[in-house]
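Take a look at this single chain in structure tokens; it is the form predicted on its own.
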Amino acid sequence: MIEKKVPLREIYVWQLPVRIFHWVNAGCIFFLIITGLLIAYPPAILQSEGAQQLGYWFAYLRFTHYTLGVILIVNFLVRIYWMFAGNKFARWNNYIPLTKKQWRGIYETLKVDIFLLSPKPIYDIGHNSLAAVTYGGLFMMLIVQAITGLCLWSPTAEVVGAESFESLAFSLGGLMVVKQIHYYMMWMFILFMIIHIYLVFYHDYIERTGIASSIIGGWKFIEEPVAKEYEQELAKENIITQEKEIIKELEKEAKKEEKTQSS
């Protein structure tokens, strides 16, 4: 059993929209994989003559798949908005390694997770740098899967914009090529889910910060030194934000005075 000797502090990390996105995303991906596999490999019993008694089961299956896909896309669009409106841990720049600190975090986490060169876990309040970059890759996968899915749907869809996706499908090499991309991308999602679930519980065990439960309640248990460092960074950001607001107000007043003098 790993024991914590350093005092811990509870910090609210994952806001409600992030948690909703996570679980809606997880549910949609899971059932999209199930329905996708059934579409790709229909069970033999459903291909028999007796399957006609089940009615238009394949049509219902495809409709379910398409509906889940639309929900996934809408959910992802809301998450993109929250990358700009959310707190520090939800922002877009977490998912792109732009700083030396992020690259160093990726290297240190690889030493723990992949190469097993260090038994000492990396403590981050939000996502660690490697996880954040991985989620950035997941977002790219979602975009590819959404586009290819819409391309496959477009020939039978009677909605505005379907022609554009149909044209895109043929420009990519035809529906069969798009179908192959969509199919192989599904297996990448399956691989991601397996690795993701394993690493969440692995880090939950070695770090003891409540990673698994945080995506339900939003709170994590952070070591006091890390929490203090976060508070100092937050204080600096608030000061910078206040200074920018003051500068904007001064600029507005200056423009008003110029207009008054010119009139």
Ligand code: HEM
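In this text, residue numbers run from 1 along the sequence as written. Nothing here was measured: the structure is a model prediction, and the numbers come from that model.
From this point on, the text means the form predicted in complex with this ligand, which you will not see here.
Asks: Mind telling me which stretch in 135-143, 153-161, 106-114, 169-177 gets its heavy atoms within 4.5 Å of this ligand in the predicted bound form?
Replies: Going by heavy atoms within 4.5 Å, the stretch is 135-143.
Asks: Note which of Ala59, Ala235, Ala40, Ile197 lies within 4.5 Å of this ligand in the predicted bound form, where distance is taken over heavy atoms; exactly one does.
Replies: The residue from Ala59, Ala235, Ala40, Ile197 that makes the contact is Ile197.
Asks: Just one of Ile34, Val70, Ala26, Ile206 has a heavy atom within 4.5 Å of this ligand in the predicted bound form. Which one?
Replies: By the 4.5 Å heavy-atom cutoff, the listed residue in contact is Ala26.
Asks: Residue-level contact is defined here as any heavy atom of the residue lying within 4.5 Å of this ligand in the predicted bound form; does Phe201 satisfy this criterion?
Replies: Although this ligand is absent here, Phe201 would touch it in the predicted bound form, with heavy atoms inside 4.5 Å.
Asks: Is Ile11 one of the residues lying within 4.5 Å of this ligand in the predicted bound form, judged by heavy atom distances?
Replies: No.
Asks: Taking 4.5 angstroms as the cut-off for heavy atoms, does Arg79 touch this ligand in the predicted bound form?
Replies: Yes - in the predicted bound form, heavy atoms of Arg79 and this ligand come within 4.5 Å of each other.
Asks: Spell out, yes or no, whether the shortest heavy atom distance between His127 and this ligand in the predicted bound form is within 4.5 Å.
Replies: Yes.
Asks: Hey, which residues along 158-192 are within 4.5 angstroms of this ligand in the predicted bound form, non-hydrogen atoms only?
Replies: Read in sequence order, the lone residue that approaches this ligand (within 4.5 Å, in the predicted bound form) is Phe192.
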